[in-house]
Every structure is written in C-alpha cells, then in structure tokens.
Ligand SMILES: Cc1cc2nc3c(=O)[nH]c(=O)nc-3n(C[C@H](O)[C@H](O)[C@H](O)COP(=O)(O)O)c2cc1C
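Form predicted on its own, single chain, as structure tokens, below.
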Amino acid sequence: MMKKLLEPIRAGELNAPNRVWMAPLTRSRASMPGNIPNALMAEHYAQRADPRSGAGVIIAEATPVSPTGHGYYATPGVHTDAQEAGWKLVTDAVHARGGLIVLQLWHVGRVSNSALQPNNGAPVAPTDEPSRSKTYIDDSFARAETSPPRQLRPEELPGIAEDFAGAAARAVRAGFDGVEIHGANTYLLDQFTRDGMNKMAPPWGGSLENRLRFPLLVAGAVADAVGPGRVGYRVSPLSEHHDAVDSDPGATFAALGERLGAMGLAYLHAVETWDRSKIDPRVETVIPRLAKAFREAGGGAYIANGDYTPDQAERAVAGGWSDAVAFGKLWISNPDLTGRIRRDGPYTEWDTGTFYGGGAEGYTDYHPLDEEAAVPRS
C-alpha cells in the first residue's frame, strides 16, 4: 500500500494534494508558426490535473524564454502575447479540475540549429564548441545536426537573465502557480555550470564560483520577479554527453544547491538517472549531498526524478531520500496515474512513436481506469 507517496506536501506556495508529480515532457504539439500553446495541450494537461487521481503538481513542458532559446520544432514559447494567451487556456483548464501547474523555463543554449534561430543565426553558449547532438527543425521530425554556437559576450548575460525573469512574470500572468528554471540536461544554464562546457573567461567561467555566477543570476532574477516560494530549479548532475561533463559533480552541484536553498526556492528537482537498471553508482553520494545542501540552506522540497517505479518512489519518500517523485513516461499513457498507484495499477504502456509531434493520438486518447473517478473542484 502506498502511504507516504499519497500524502500531501507543501513546497513553498505549492500546497500539493500528493507527492506524485508530473515531470516536464516535451511533446511538440504547439501551433506553428508562432510556437503557441493550444486547446489540444489544454485538454492534455487537464486530463492529468484531478487532485485525487492526477498529479500533485504538473510541471509543464520545457518552454523557451526568448527567440534564441528555441532548439526544437513546435515547442511552445513564453515570450510573446500570443503564447501567453495560449498558456492561459492551459492553466484555466487545469485549475477548473482543481490542479496545480508550474511552467519550466528553458533556454537551450548551443543545443539548437540555425534554422530555429532568429535570422538563421548561430546558437549562443558559453563555448564555441558544438554540442555534437541532434534536434528536429521541421514537421518531418527528422533529426538534424545542431549548429556550431557563438560564444556569448559578457555584456549579453544580464539580458538573458532578464528574459528568464520576463518569462516568469508572463507565466504567472498566464495563471501558472509557479515556474521551474531548467538548469539540466546540457542546456544553457547547465552549460555554464559544468567545467567541461563553460569556456568563458572570468568572472563568468573558470572557478566553481565563476561558473555558478550566471545560473545564480538567473535564479535570483526569477525569484525577484515572482517570489522564491513560486520557483523551482531542475538539475541533472550525472547526465553526461561528450564534453557535457563536470570534473567533480558532487562539489559542483552541492554548491549550486546550497546557493539556491539560501534564496528560499520552493523546490529542487533532480534527474538522478535516465535508466534505473543501469544507475550510476555516484548517485548514492552525489544526490544526498545535493539535497542536504539545498534543504539545510533554507530551500524547500527535494523532488526526485529518474525512471522510478511506483514501489521505488514509495520507498524513496518513506525513507527520506526525497520529498516527492516526478514521473515522466508513465504520465503519458496513464492520465490518472495517482489513482492507479492508489489502486496498485494496472499501468498502460506508452507508444514511443507518438511522443513528438502529431495530434490527439498518443496524447489525449489515453483514458483513466474509471471515468467516474474524477473529483469535481469544490
């Protein structure tokens, strides 16, 4: 029987009905051109919002804060009036069912292609080394090589921090209950944090103190814009790809966690692993150090993420490893995931062929076990 996982949790101003959170999932269903959230997206999130059978907190998909922040086709933005209005459709639908939803704020940095950048320009990053990864640039969803980036100039950095703050303010105006800063998965803020990617000269690169300067500038600007109790931050200390490494992730991310905690952020959300069957042994030391540093400095909840089964999540919460667990793929095919956990399953399998792009198929056509289980908002 799941007990702790189904208990309420308070993270900052987010008073969630349970500890089963929905992780941000890129699905590429935004209306194009314009990268505008739409009614189909509103239906998708509302399906997962019921306070008894749905997510304690929905973390909406990664959302670029500026035109240069885009790196994938048909991902919604939060930097135009039309995008803000589109997101209002989503938050209204979620709140009508009694749910909580925060928006993940994103800048991809060098993980982009010039076809997605303003005037076909080069992506920007703290290095001019390409990411050696692939993305999709049109509705074919064929993978294309990322473009070589341009190294940022120091004078550009405050403007990017302002982009994050402005996007956070837009998100709150659009009705979101909070925001999550995307500092993970080798995107822009992660590129600054790790010594394998940050090639800036001091004071924005080099020492650990310097590498954390820009991520903390962004976090501070967002916290000032909407209040720290409405802000989370996502990291992935052990996600590595080519030069996307850090020589001492334990020290680096504990220091980041401590500084974020001192700001009083609502929560810290960590991708611990992508495959729990092949888990990095460093997880056992890096993650507790990170979570402890964040909590002891004054931060809120630690949200675990990383291919958890419901049973594993219950043990993580009951044992004090985490305060809540964010699930990803299970939410794709189980819109009533918390209700299924409450009933000990069964769980519907997802279809990987419908993850990105398309319409309702594989997006809004999964059904709850019991259509009558919905609890109307009082």
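None of the values given here were measured: they were computed from a predicted structure. Sequential numbering from 1, following the sequence displayed.
The following text describes the form predicted in complex with this ligand, which does not appear among the structures shown.
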property	result
In the model of the complex, segment of 177 to 185, 148 to 156, 293 to 301, 251 to 259 with a heavy atom within 4.5 Å of this ligand	177 to 185
Single option in T193, Q83, Q104, N113 placed near this ligand in the model of the complex, where near means a heavy atom within 4.5 Å	Q104
The unique member of S31, T26, S333, S66 whose heavy atoms fall within 4.5 Å of this ligand in the model of the complex	T26
Exercise: W274 in contact with this ligand in the model of the complex, heavy atom 4.5 Å	yes
This ligand contact at G306 in the model of the complex, heavy atom, 4.5 Å	yes
In the model of the complex, E61 touching this ligand (heavy atom, 4.5 Å)	yes
Any non-hydrogen atom of G328 within 4.5 angstroms of this ligand in the model of the complex	yes
Partner contacts in the model of the complex for 342 to 370 (non-hydrogen atom within 4.5 angstroms of this ligand)	F355, Y356
